[in-house]
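Consider the single chain below, provided in C-alpha cells and representing the form predicted alone.
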C-alpha cells in the first residue's frame, strides 16, 4: 500500500538519536525504529515498481539474518539489473547510438571508505557485482571498457548478449525517426503513411530517457553501503559515461553520516558532485529530504547566470545513519517514489518535486 507523504512529514523523525531511536510521525501508526532496541536494518531503492519490491525483499532477507549492507545492496541491485523489461538498467537496457548496450555501476562501503566502479562494460548482465569486486579486490576505483570486461571474465562472469528484442526495436525506431534526411525509415514515397510495424504500436512514446537505480542500506551493525547501476542515457554517444560510476556524483556513502544516490541527467550530476554534496549537507545537520532538495537547488543556482530557465531532469535519494530517508526530483507532474523495506514490511513513499511546473 502506498503512503503519500507531504513535504513536511516525509522524513522519518529522530526521537532520541543517541539510542538510534526513530519513528515515523502519524503515518498510519507505522514505526520505523523502536527507540528501546537501537539501530535496525533498512534498505531502499529508487525503483518503486514490482521489480523494485522484489529487489527490496531480496536485500531484506540478507539484512534480517544479520548480513552486511554490502551484500544486501548487491543482491538487491542484481534483481533490477536482470529484469529484461527494465530498459534503463542492466539486461534489457537501451543501447547507445550504435545499438550496443554499455553499462555503468558504482559501489561504496561506508564502513571502510572503499569504492569500486565500472563504466562502458559490455556483455555482462550484473555490473553492480563487478563494481563490488573492483572495490574489494583491487586498489583501483574505476575500470572501463575492455579492461572492465577482462576483469569481469577473470572472476568468472559469462559474456551474454544484453540487447533484448524490446530494446532493439526501440533503438531501431529511434534510428528511423531521428532525421528526415537520412536513409533510415520507409521509402520516401511511403514516409507520410501510417506505420504498420508492430513495434510502432508497442512503443508509441519512446524518447531519449535517463534511467538508473540506486540501492542504499543500513545493516544491524549500523554499517552503510550503496550502489548505483545503469545502462545510461539511451542512444548515447559510443563510450559516453554518465554520473553513475563516478564516486561522489552518482553515489556516495559514509558510515558517519549516511549515503546518497542520483538518477537523471548524469552530466549535471557530475559537474555538481551531487551525491557527495548531499552527504555533506546531512553532515551539517540537514535531513536526507532537505539535503536532496538542497542539491537540486544548488544545480539550478549554478545555471542561473547562463540559462535561468534550465531545470535538468534529476532525482536524488538519501538515507542517514539514523534511518531517516529522503527523495526529491527536479521537475514533473508526479511525486518521485522510493521503495523502503524494514522489519515492518515493504512500502512505497512519495518524495517531493522541487520545481513543479518546470
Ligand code: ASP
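Residue numbers count along the first chain shown, from 1. Quick caveat: nothing in here was measured; it's all calculated off a predicted structure.
Just so you know, the form predicted together with this ligand exists too; it's not on screen, but the next bit is about it.
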### Task
Counting non-hydrogen atoms within 4.5 angstroms of this ligand in the model of the complex, say which of 264, 93, 116, 110 makes the cut.
264
### Message
Is this ligand in the model of the complex close enough to 212, 233 and 242 that every residue in that trio has a heavy atom within 4.5 angstroms of it?
### Response
yes
### Message
Taking 4.5 angstroms as the heavy atom distance cut-off, pick the stretch from 225 to 233, 138 to 146, 284 to 292, 118 to 126 that is near this ligand in the model of the complex.
### Response
225 to 233
